[in-house]
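What follows is a pair of forms of the same protein chain, given separately as structure tokens and numbered structure 1 and structure 2.
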Structure 1
């Protein structure tokens, strides 16, 4: 079943007398329960694509459908987790943050029902013992886990994640990647995840969209690496090098064999390659 579909999506921004193309003719189909990552250089439209799907941005061209319904505004079927570690309400406890989202999404439920649901999702994220803590008492990784619990509690059909682990240290990031995969398997939610990190994209995704500067699709790569995945496998290294090569052609410039964020490369971009397989 196709759950998310982008049909010729385009987005431009007007800055003074200058028109900036953020997205150009994006066509994608995401099946229910898949895990997609979007990767590309800064300025390639990764976050804009996610914001358009969330309903936060109006399209200049094309259409987006979720479960057969055209996206025209934000909706509870699409919840977004941001990179910012301070996206929780600081005056509310962890439990209260999750319960508030449930109240807004399901106004007919009672406080007792919302509390029970909130505790279930905090338990799912391993946070039950922190239910009565305030955000300032939590680490960055724990804050992101609360944000994920809050988003999942609304029971969206699609979870949108904009570099949610980008500000975390490597050990915390690795732990949350494993937690996210566990949650994905348990809930079956469709996930679309923006990242700058090749390793992260390969560890998480079924499909990897490589965007080029100017907001075009350079390639859609099917990730056939067997789960659970390990960075130590020779096949992982080969897949990493393939993605790195595509990113170089999309405006990145980095050193092969590293997982650091490459720098921008001003070379002209090639046309989209279409479907590729790792």
Structure 2
């Protein structure tokens, strides 16, 4: 079943008298339960793509459907784990951050039920000892894990993750990659995961979207490596080199990139960017 569908999605930002094309004619079809990663140079629109799907941005072209419904606003069926480290509510403890999500997602439960459920999710992310800490007392990586626990607590059908492991050390990162894969197997949640890291993309994903400068899709690569995956075998190395090559063509290090185009674009512009989230 197709769960997430991008139909010719475009997003143009207007800053002053300059137009920035962040996404251009994005078409994707993600099946239920698939794991997708999005990779591409900085500024290629990875975050914007997730934000559009999460419902935080007006599209300037095209449509996005999730489970057959057109995306028009944020919703609990699509939980986003942000790139920023200030996404936890600082006035709530780690436990209370997760419990708030549970309370909103499952209003029928009692506080005691929510507490034990929240502790389960924290345990899953290896944070049980930190349940009563406030966010400012955590390291960046721990904050990110709490955010993941909180998002999972809502039981979304699609989990959107924007470089969630970017600030972690290699060992923690690979541990959490395994955890994430386990959670993905257990829950069957569809995951769309942004990363800068080719290896991470290859270890995790069924499908890898390579974005290019200018917000176009350079390639969608089906990842046929057998699970569980290891970086050590030869087919992994071949796949890595293939992706690396694609990325190099996507506009790194000031190269023009295949997608760069004249900035004159006759398409209609966005509605003004108000405080739309309220």
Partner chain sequence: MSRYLRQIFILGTLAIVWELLARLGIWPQLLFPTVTDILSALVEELASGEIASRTWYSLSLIATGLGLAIITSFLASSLAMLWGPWADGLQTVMAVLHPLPSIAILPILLLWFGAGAHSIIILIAFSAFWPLTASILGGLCSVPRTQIEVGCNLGLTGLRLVSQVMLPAALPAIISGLRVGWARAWQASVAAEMVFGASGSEGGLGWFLYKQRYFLEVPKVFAGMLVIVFIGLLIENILFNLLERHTIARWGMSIR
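We call the rigid core whatever largest set of C-alpha positions still superposes within 1.5 Å between the two forms. Numbering follows the first chain given and starts at 1. Fair warning: this is a prediction, and the values are worked out from it, not measured in the lab.
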Just checking, which of these two is the form predicted in complex with the partner chain? 2
Answer whether residue 199 and residue 91 are in the same rigid part of the chain between structure 1 and structure 2. no
What turn in degrees does the smaller rigid part make against its larger partner between structure 1 and structure 2? 16
Aligning on the rigid core, one finds that residue 121 shifts at its CA between structure 1 and structure 2, in Å, by 2.8
